[in-house]
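Form predicted alone, single chain, as structure tokens, below.
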Amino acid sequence: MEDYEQFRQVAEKNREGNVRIPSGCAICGYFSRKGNALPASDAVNAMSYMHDRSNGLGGGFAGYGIYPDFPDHYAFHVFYDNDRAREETETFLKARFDISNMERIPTRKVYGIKGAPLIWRYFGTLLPEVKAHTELDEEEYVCRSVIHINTGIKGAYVFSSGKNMGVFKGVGYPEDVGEYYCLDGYKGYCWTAHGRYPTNTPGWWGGAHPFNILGYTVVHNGEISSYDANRRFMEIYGYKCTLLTDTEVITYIIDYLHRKRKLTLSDVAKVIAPPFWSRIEKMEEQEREKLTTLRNMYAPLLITGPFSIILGYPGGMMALNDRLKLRSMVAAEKDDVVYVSSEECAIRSICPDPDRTWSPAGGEPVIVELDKECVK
């Protein structure tokens, strides 16, 4: 089995400026407002129509509502280099969580998937005695536990840690990754997908998209020229960017702004892709003051460079372009389902006759959430 520490070392040597590959990447997502169970196979099929936007160095999917038997449990998906890392991680988890179920994630042999790590999942709830003796709220405790494993246990990487959701990713084309994880057996009210064409780092299992913390997942097409400034700010607040890829920091920014700072997702979008100052100056006073405050308070979290992202989160999905719309993104709607993709052909492969299609403007988020009657 490959030693993934070697991948980290190679990636460190080949950071931005040393390696340059023409950019591509494909993203796709769909969401049922009524909470209907949509098949993951549609996401796999849609990605096949954007095959040439990937180069086989990373693919992945995130599904929500996929674990109805464990709706209130944190589902930890973990990559391991070896059994020693697994045993150390399991000892750490069992000391903090009541683990109701643990198993290897089902996979099948696929020609295009090679060098896979050990892949396990654990369903657990925080132990009552841990809750009683920590000053942290539950989600913050889980977040810090994940960061501890990923930075403190050699050979272990938690790549998914939310409730009733899961990330499935690896090195390969997305169609192969979907087959490898047996995604034809999964359904959920939301799916997001990614096909990777790395621009600055080699492909490795941890560096594939989606990136996750708690219930947040991000798939991304583009490049972040503000990465270092974004990363330095986030590491002040305890986040650790260890995967040597710019997308990781977007996930932490959203977690920080939405979960910890309690900003609405609309305001989160205004922080990471705000209107230009020339536009803000012409707005009505109330909106001008609000945007000025957001831009000044969170200036280091402005994301610059070309990007399109899809955020998945419990009960919702958001798609967002950079302010100049330098990466393609198309949206569509059919009945209660909203679709977003890099290319319209991917949407029409699973929804041939949408009620409407549109191209979201740069910096204007597309936000869709479960209907109120579907939220517990």
Partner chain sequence: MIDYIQPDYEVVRNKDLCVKCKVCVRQCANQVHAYDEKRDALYVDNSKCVNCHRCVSLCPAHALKIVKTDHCFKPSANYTEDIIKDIYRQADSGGVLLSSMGTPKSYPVYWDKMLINASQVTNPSIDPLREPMEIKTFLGKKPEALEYLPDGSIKTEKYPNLELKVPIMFSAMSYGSISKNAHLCLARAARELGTFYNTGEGGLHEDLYEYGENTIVQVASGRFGVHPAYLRAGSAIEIKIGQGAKPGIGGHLPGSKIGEDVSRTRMIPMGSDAISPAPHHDIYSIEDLRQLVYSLKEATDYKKPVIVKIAAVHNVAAIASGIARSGADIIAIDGFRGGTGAAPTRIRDNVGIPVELALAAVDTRLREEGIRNNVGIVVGGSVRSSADVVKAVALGADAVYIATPALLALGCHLCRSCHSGRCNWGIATQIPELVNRLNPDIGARRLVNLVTAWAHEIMEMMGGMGINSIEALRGNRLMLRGIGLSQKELDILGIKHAGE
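Residue numbers count along the first chain shown, from 1. All of these numbers come straight from a predicted model, not from anything done at the bench.
Keep in mind that the form predicted together with the partner chain is missing from the display, and what follows is about it.
Contact annotation for Ala95: none of its heavy atoms lies within 4.5 Å of the partner chain in the predicted complex.
Within this chain, Ile105 is remote from the site of the partner chain in the predicted complex, having no heavy atom within 4.5 Å. When the partner chain is considered in the predicted complex, Glu129 lies well away from it, no heavy atom lying within 4.5 Å. Ala299 belongs to the set of residues with a heavy atom inside 4.5 Å of the partner chain in the predicted complex. Between the options Asn82, Thr242, Ser100, Thr304, the residue in contact with the partner chain in the predicted complex by a heavy atom within 4.5 angstroms is Thr304. Heavy atoms of every residue among Tyr227, Ile236 and Leu263 are located within 4.5 Å of the partner chain in the predicted complex. Heavy atoms within 4.5 Å of the partner chain in the predicted complex belong, among the stretches 263 to 271, 73 to 81, 205 to 213, 151 to 159, to residues of 263 to 271. In the predicted complex, the residues of 306 to 340 lying within 4.5 Å of the partner chain by at least one heavy atom are, in order, Pro306, Arg323, Leu324, Leu326, Arg327.
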